[in-house]
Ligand code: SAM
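The chain that follows stands alone, in the form predicted on its own, written as structure tokens.
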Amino acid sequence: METRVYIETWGCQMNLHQSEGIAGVLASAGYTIEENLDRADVVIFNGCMVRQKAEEKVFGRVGAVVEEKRKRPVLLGVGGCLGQIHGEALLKRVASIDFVFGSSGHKALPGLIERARKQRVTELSEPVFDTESTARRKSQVSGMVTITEGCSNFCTYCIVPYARGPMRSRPRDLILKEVERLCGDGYREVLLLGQNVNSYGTDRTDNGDFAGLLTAVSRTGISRVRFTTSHPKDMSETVLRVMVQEPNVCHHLHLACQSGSDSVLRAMNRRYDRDHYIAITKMGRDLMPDLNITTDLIVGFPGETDDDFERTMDLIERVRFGSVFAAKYSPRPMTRGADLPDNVPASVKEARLERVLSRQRTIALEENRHFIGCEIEVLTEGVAKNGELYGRADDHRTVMCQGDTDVGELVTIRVEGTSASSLSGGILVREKHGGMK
């Protein structure tokens, strides 16, 4: 009898790719992947623990499954970082959850689901790196490839080392084989993933470093190469020069700064200072004037003063990010930050977050307006709700494309309009078989 599985994901691109792995494992075991919750026999929530808000969203969605359970038999599983940290406590907290799994060990899911038909069950394991990809990919244009798993930095606020374990590098030959398969299957872009891609190879002697891997990936024949996320303490001039030298490595750098204040950075255990961050971004733009730098920010970290926050606002002015992912600080269990007094009032956090987002919207709009009249290359990725195609420029900016083209094509457009979040323009040239840098 057919069993239909619906998978919903919260969190980072690592989580999104892990959901592709879950789908691949279940599809290989004979399950049918379902796109609609109300038609599924099994619902899996792959949850995030990095922010309190992401955790709350998972519990908010449980209500939808409860409604379905009233109509018909449905199994609900919760996993990922959320399952890894809370474990069996989730079964005690939420009566409608039937099974819990962790941040790795997805190959055991078919058996776990069958056991859950008889009794509520939890299955966790120490975080491991399943080096062989089993992904059932959602995109047919851009393929995610994990190169490192876990993190060993232990930033004060971050739960990732506890949820995903220490940093482990995937064997270089397996990475290259996966990229070559993607290229052979017609993918135009690869996104190399890791909590800190720049630390690739530091845990083993047989892999080389990230700069060497990036060079090798760029020479597989794939049209575009991206990577995320980079840690400022490990970002090197060597990697920046590979981005210059290899024409298919995109000129986008996601470099999480978290704060512009040295005292807050020390409290966060980030192991770099403001001057180092500014120097890295300046070096990148000296080498690549078209480099788009994006970042992550936390406001309201314990002890953050008004002066500390103004230092962050000043950093935003200096660097002029293409986009900013900003969040209010929320203490996470198991981290060292959980023992600190959460002493910045909620109203102050909210006001600081709004200032960051408001100023960043203005900066993004100002920067995007510089593209008016320019011709840029875009890889088309999908169709928006209004029927218009969208894609990404080389520097990761979102572009709405007006004209006749298909998803998965490299096209040249002339930019005619901008907003804070995207560019738009008409298609000048379609190019199906090969890209232009």
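This one's a predicted model, so the numbers in the text were calculated from it and none came from an experiment. In case it trips you up, residue 1 is the first one in the sequence shown, and so on.
Beyond the structure shown, there is the form predicted together with the ligand, which is absent from this document and is the topic of what follows.
For the candidate spot formed by Ser19, Arg136 and Leu182, no residue has a non-hydrogen atom within 4.5 angstroms of the ligand in the predicted bound form.
Proximity to the ligand in the predicted bound form, taken as a non-hydrogen atom within 4.5 angstroms, holds for one residue of Ser261, Gln84, Ser142, Gln258, which is Gln258. Proximity to the ligand in the predicted bound form, taken as a non-hydrogen atom within 4.5 angstroms, holds for one residue of Ser330, Thr220, Ser236, Thr202, which is Ser330. Residue contact with the ligand in the predicted bound form: Ile147 places no heavy atom within 4.5 Å of it. Using a 4.5 angstroms threshold between heavy atoms, Phe321 stays clear of the ligand in the predicted bound form. Although the partner is absent here, Glu114 sits far enough away that none of its heavy atoms falls within 4.5 Å of the ligand in the predicted bound form. Not displayed here, the ligand is approached by Tyr157 to within 4.5 Å at the level of heavy atoms in the predicted bound form. Shown alone, this chain has one stretch from 242-250, 99-107, 322-330, 69-77 that lies within 4.5 Å of the ligand in the predicted bound form by heavy atoms: 322-330. Interface residues of 289-315, taken as those with a heavy atom within 4.5 Å of the ligand in the predicted bound form (partner not displayed): Asp296, Leu297, Ile298, in sequence order.
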